[in-house]
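Here you get one chain, nothing else, as structure tokens; it is the form predicted on its own.
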Amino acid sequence: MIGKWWQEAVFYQIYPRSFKDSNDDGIGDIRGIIEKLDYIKSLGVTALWVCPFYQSPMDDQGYDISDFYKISKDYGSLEDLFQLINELHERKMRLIIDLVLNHTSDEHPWFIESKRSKDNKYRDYYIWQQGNNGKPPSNWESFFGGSVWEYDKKTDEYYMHIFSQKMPDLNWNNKEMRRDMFNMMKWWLDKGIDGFRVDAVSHLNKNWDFPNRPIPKGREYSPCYDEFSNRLGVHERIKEMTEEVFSNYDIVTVGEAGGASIVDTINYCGYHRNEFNMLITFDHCWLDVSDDITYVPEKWTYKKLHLPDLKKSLSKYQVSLYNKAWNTLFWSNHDQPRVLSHYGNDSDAFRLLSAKMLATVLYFMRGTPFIYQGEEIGMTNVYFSNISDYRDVEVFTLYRETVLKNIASKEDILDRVHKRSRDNARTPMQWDDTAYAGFSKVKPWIKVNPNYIDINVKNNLNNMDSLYYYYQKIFKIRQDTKAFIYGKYALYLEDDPNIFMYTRTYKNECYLIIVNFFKHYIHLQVPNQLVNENAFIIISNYEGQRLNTKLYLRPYEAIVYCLN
């Protein structure tokens, strides 16, 4: 299956709270997005994914929704959103929005009613269970730390929350709740949006036996996320919503399923599955986690990246999904650290080279690119020296469960937060070198990264060798060259610890992508079958070198050759 608009699209993800403040209250908003649409379009972007802007108490920065039909006052009004839709469509661009299905805020009217009594109409909209001999129904750990269960004294039962305690999980076994959610989806689609990114969809089905599971040494609860992730019953729910809602509109649906295997991925978005069009998975995002520390959840650990692991991770999606399902290409999002600090080199000496290398190695693969705001200018992780400067609920849970319990030092935890925190991706967009990076004229909701003086949009636009223009060139090449959209992928030098090399082949076209992933110089022996005396360079981050059987690659060097 080829030729769908979303296969040839380039998406740009916006975290509205941190993108652009148009009314000087320190918080980004919808009108701020409208203000920057021409900047985004000039990059080569054809569609936006905007994170939640719904009414919310903001415990998890908008993913805790208290009213699906209203816009948060922080972000503007419905009229602002309708203007955004119109402005995008006038520019021949599209909009997808987050569809949060796993949970609501505990301030949502459904949950307020659900807590009133056990026989309330909305009680079964959520997952309630009796305790087990004075303890929670099971010993499962929440993604945000602590138990997945929260006790309600009034009704003497526990409700489930696999994220924050202020985000109770919905019960997708309840037909009336599903009907209300389907009606909400139709309402938004009828307003003119072009699709959904479906948040945390892999968790819509749980193990209703709620068994206790082994607890690792040093932990209080069991991180048995498979008890509520990627279970087979999820697919019944997705097929139903596709039949009831999605199939009646010309839209794109992008599921999010952390921990999904290749088989899971094909089940979620296979061409003949009647579920999603694409799936966001995170297999390649956590290849440098370590299992040698047990006092913190795995996501807060780290080790040196072993490049063959990354090649294997990315390549299995390229190969296994070919002619079976469509892939997503992304390095970063609102839940990940900045890729330049994560897998690249954010030092002054190598920042630009490594950022261009990372863009080259990923965005010439098969799939639809999803660029996260600020990635195109080289934004990096931020280091806050005080825990109070962070805003992520996960950070405060980690700090409470370790430092405040004398399990780990403040310095240790702050170092982990610096490397892994979601707030790394949520600091304000760096537009220029004026106060607050041009994001706002007043103090923002979270501090600006101090390196905004050097890393900002203005500097990028004023330098033709900047990262912004490199991204622009990549997307132009993709749009002009079908091989980079639909071509077959083949990996070379699979076990090489320094080089990432692959080809893209489509009809009579063939392209070779070579990158040195690290900062040392490398002597490379190019396989003879790839050497072509007529080969020429499509793009590179250095002054290019002719393709030969032997190449001497400089730090983070990236080259794309046309072989025909």
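Numbers follow the displayed sequence, beginning with 1. Predicted model only: the values in this text are computed from it and were never measured.
Below, we refer to the form predicted in complex with alpha-D-glucopyranose (GLC), which is not included among the displayed structures.
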{"query": "In the model of the complex, H108 touching alpha-D-glucopyranose (GLC) (heavy atom, 4.5 Å)", "finding": "no"}
{"query": "R197, heavy atom within 4.5 angstroms of alpha-D-glucopyranose (GLC) in the model of the complex", "finding": "yes"}
{"query": "Heavy atom of M167 within 4.5 Å of alpha-D-glucopyranose (GLC) in the model of the complex", "finding": "yes"}
{"query": "Distance check, R426 to alpha-D-glucopyranose (GLC) in the model of the complex, heavy atom within 4.5 Å", "finding": "yes"}
{"query": "Heavy atom within 4.5 Å of alpha-D-glucopyranose (GLC) in the model of the complex - the one residue of E401, D346, E256, D283 that qualifies", "finding": "E256"}
{"query": "Contact assignment for alpha-D-glucopyranose (GLC) in the model of the complex, among R237, R422, H418, K206, heavy atom within 4.5 Å", "finding": "R422"}
{"query": "Interface stretch in the model of the complex with alpha-D-glucopyranose (GLC) - options 31-39, 535-543, 497-505, 55-63, non-hydrogen atom within 4.5 Å", "finding": "55-63"}
{"query": "Those residues of 132-146 which, in the model of the complex, come within 4.5 Å of alpha-D-glucopyranose (GLC) by heavy atom", "finding": "F144"}
